[in-house]
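Below, in structure tokens: the form predicted on its own, a single chain.
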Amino acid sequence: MNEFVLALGWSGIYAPMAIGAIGSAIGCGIAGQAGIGAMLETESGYGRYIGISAFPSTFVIYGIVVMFTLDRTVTPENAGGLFGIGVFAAAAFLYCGIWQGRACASAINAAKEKPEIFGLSLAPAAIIEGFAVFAFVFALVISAGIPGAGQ
């Protein structure tokens, strides 16, 4: 039983990076597909489409930082906390990555038709980023209370 608990703790440490990378990849893929489609239909603005397509890549960065924050010797006493913080932060990064990719795809499609609303069309993607930042900050703050930090 102790080994299972320790495995959960290790999963919690690495989940934010791994699952955040999955969310970023899915989001960038969704937005990238919309960007490529927009490039076929327009004569300019290619850089904007590529830039928007890369927006969801931030979630893997948040995951890496959370992973390093949680990195410590896993014991039965701290495994539950590591698992809980890591997996729930990872779930937030995954969900935000996918939906930010969808929001970016919509922004690309809107900016393709009406270039003058380019900046405004990014607002939903920025709001989704804000929710990921909340999860990121809370994971960092709460992780300070888990035993074993600073070893």
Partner chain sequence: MSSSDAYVMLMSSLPKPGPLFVAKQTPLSRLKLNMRLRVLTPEEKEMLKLVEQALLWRQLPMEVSDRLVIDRGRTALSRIDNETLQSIVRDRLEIRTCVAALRRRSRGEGPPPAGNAWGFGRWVGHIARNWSDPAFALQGVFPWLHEADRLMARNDSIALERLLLSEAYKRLQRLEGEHAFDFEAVVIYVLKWSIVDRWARYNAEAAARRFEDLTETGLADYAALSFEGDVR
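These figures come from a predicted structure and were not determined experimentally. Residue numbers count along the first chain shown, from 1.
As for the form predicted together with its partner chain, it is not shown, yet the points below apply to it.
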From G84, G45, G37, P124: within 4.5 Å of its partner chain in the predicted complex by heavy atoms is G37
In this chain shown alone, the residue from A92, V60, M67, A105 with a heavy atom within 4.5 Å of its partner chain in the predicted complex is A105
- Heavy atom of I26 within 4.5 Å of its partner chain in the predicted complex: yes
| query | Is there a heavy atom of I52 no more than 4.5 Å from a heavy atom of its partner chain in the predicted complex? | reply | no
Distance check, I30 to its partner chain in the predicted complex, heavy atom within 4.5 Å: yes
Counting only non-hydrogen atoms, the one stretch of 84-92, 37-45, 116-124, 52-60 within 4.5 angstroms of its partner chain in the predicted complex is 37-45
Looking in the predicted complex, the residues of 109-137 with a heavy atom no more than 4.5 Å from its partner chain, listed in order, are N109, K112, E113
